[in-house]
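Here's a solo chain for you in structure tokens, the form predicted alone.
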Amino acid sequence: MINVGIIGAGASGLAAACVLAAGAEDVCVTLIEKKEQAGKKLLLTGNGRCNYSHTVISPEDYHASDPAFISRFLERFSPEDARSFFLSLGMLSAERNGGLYPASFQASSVLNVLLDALKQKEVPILCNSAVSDIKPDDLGFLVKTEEGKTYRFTHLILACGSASGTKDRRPFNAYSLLEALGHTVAKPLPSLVKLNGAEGFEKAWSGVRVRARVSLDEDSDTGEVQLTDQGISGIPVFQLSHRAVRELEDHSSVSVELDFLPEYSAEVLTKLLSATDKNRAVLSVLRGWLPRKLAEVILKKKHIYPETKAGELTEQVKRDLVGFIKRFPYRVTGHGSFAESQVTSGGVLLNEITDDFGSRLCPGLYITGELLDADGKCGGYNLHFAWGSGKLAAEAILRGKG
């Protein structure tokens, strides 16, 4: 009899449990979840729509301590595999801008089919149970909870997720458990998170949403950027946050650039500014290009009085103003918390696990999802890794490789 314990009833834990429960009659599966509800964070993903994967995924969509590991993973678990997995559970999928969603566009559909599959197989989910200790021995693993209960398993899957997106007041102790089992943990940091600054004008632009390109050296992303009273947010900011947050660990600040008119060249904008009515106030001109609050910040930074007539600007001042709009410098000095982030970077080094997500240091132990040193961009990439890692770990156990 194979008796598998899964610590964590999030995306990867639920996927692993479904595969194990459907795989063989002589497999016993138990899920242990410290929260009061299984899959709680799933309900929040994709603004409640659950972008569970993406139609096109490559290794470049992930930050990882071993990029080759991600390449091998994607060869074994593709977007079509993700779609097929959920279809086997009875869920239809829909595509929107490359993202894969449940056909209902409701995250509850994803969670419901997972939980229904486990309910049908009578898989117990022990909620409000926080694991405090794991002891490997000749029989497998002895797992103790903070509530004083003890469980024995022949195999163990650690699928604890991360502290991202949660306001749990209890400390996230999965990394300590893994280090006690001999694993190396790269420092966990928030990712897919807002970036904060202290330039002094943040309150003036707060509330503005604008399409922009955000760049950090050679890396860039374009989309809707939210300007807040603390700094900058939005998907383009999130896509660069992994690197920005990591660099902030070594430096007091990181400089990013914002192009507030990415579809227009500097040459075109300069010509438009030169061709405008000479008696028109420069603020009036910029209000036709940008939100007023942002235009006012830009003019103040360039020391241009808002009511200055366009005809009073020299050609050099016009070029400088347009250049500033196209390459607006912003000094980042901080970032959002784990609770404010969508995912955590860092975790167990990938060279310490097999391609089946089994521990190279502790036989019978499997580590999946966000606990590993691999995090993806916005757009379903992190959930794809979660489903795939849980499924592959479960399949390895069923093949008897544990």
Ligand SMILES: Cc1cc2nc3c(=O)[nH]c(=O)nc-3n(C[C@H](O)[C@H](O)[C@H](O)COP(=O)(O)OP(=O)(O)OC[C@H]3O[C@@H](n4cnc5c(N)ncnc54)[C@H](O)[C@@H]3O)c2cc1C
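Don't overthink the numbering: it's just position in the shown sequence, from 1. All of these numbers come straight from a predicted model, not from anything done at the bench.
The form predicted in complex with this ligand exists for this protein as well; it is not shown, and the discussion that follows is about that form.
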Partner contact check in the predicted bound form: of 269 to 277, 321 to 329, 125 to 133, 197 to 205, the stretch with a heavy atom within 4.5 Å of this ligand is 125 to 133
- Task: Using a 4.5 Å heavy atom cut-off, state whether S359 contacts this ligand in the predicted bound form.
- Result: no
| query | Any of the heavy atoms of S108 lying within 4.5 Å of this ligand in the predicted bound form? | reply | no
query: Taking heavy atoms and a 4.5 Å cut-off, does A386 contact this ligand in the predicted bound form?
result: yes
If you check in the predicted bound form, is H335 within 4.5 Å of this ligand, heavy atoms only? no
- prompt: Taking R209, G234 and P236 as the candidate spot, are all three within 4.5 angstroms of this ligand in the predicted bound form by heavy atoms?
  reply: no
Taking this ligand in the predicted bound form and a 4.5 Å non-hydrogen atom cutoff, the residues of 1 to 39 making contact are I7, G8, A9, G10, A11, S12, G13, I32, E33, K34, K35
